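Given as structure tokens, the chain that follows is alone and in the form predicted on its own.
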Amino acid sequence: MDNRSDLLDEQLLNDVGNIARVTSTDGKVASYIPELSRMSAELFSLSCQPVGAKMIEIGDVGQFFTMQSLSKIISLAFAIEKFGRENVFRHAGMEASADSFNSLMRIEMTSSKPSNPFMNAGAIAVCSLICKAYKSEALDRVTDFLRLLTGEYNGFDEKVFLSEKNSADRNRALAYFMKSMGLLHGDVEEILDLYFTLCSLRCTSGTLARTAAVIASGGRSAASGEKVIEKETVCTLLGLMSTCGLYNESGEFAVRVGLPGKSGVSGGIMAVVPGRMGIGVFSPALDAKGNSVAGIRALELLSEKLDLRGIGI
């Protein structure tokens, strides 16, 4: 495999961005959370954080958006660090799913725990663990952890939080169904408030690149260089990102891009090149499975031009 990492520069990212942006017209901005629909489909940013080097980024790099399901990386990493992998996976599985991200069908059919922590049901189960341990301090503990990983905390978008909470019939049904099966512990509304707040955390494509770079470097913060997560956590995140990170589009992403990744319905995707870099891309127009059209195209082009496909999978 050729090592073309030295080709990474602003011109390459501009070339990739110019091609990828065009595909955004093939998608639609998420509307099932009403506040998300206000985001312009024309926005695009791409950030690359090489391990031990300066970030390179292009496009609307100062544009904040909400993490949505990208926050599941943060809550899962936090839970594994604090409670241990074995304990966390008593409450959620490690299996990929062909179901949509907000499906409750698999739990109902099998009467068992959620397939994985990146499904909404699995992420809610992880939030239940955190709430049970830290109660009113749960949110502060997770955001402190985010600050440790990335060197930044940009608050959360209250309008998105309220919009998400007020349109959360599906997630609320999931949570109460799991509560009835003994899969959640504590007050359901408190657990959901933590989940919705984490989904509403503000970030940029640079935030995603720095987070992915922590995983790429084996657990060291791109901001401080300090070891912030253990090898067990890194390996778990890489495995789940490779198999479950883009929900029921994960297999196609693995073929087209060939990198561990995680997406969110706000249009963000992070990807990890183990040992080399973290990548964050943002473009709000989504395909039918809830993933950024231009984001996937940009990552596919980067993977091809830098010969990244298959690293770490």
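Quantities reported herein were computed from a predicted structural model and do not represent experimental measurements. Start at 1 and count along the sequence shown; that's the residue number.
There is another form of the same protein, the form predicted in complex with glutamine; it is not shown, and what comes next is about it.
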Options 273 to 281, 26 to 34, 43 to 51, 57 to 65; stretch whose heavy atom lies within 4.5 Å of glutamine in the model of the complex: 26 to 34
Exercise: residue 195 in contact with glutamine in the model of the complex, heavy atom 4.5 Å: yes
Interface membership of residue 264, glutamine in the model of the complex, 4.5 Å heavy atom rule: yes
Residue 157, heavy atom within 4.5 angstroms of glutamine in the model of the complex: no
Any non-hydrogen atom of residue 247 within 4.5 angstroms of glutamine in the model of the complex: yes
Contact residue in the model of the complex, from 214, 175, 73, 199 (heavy atom within 4.5 Å of glutamine): 199
Residue (of 143, 171, 163, 242) lying close to glutamine in the model of the complex, criterion heavy atoms within 4.5 Å: 171
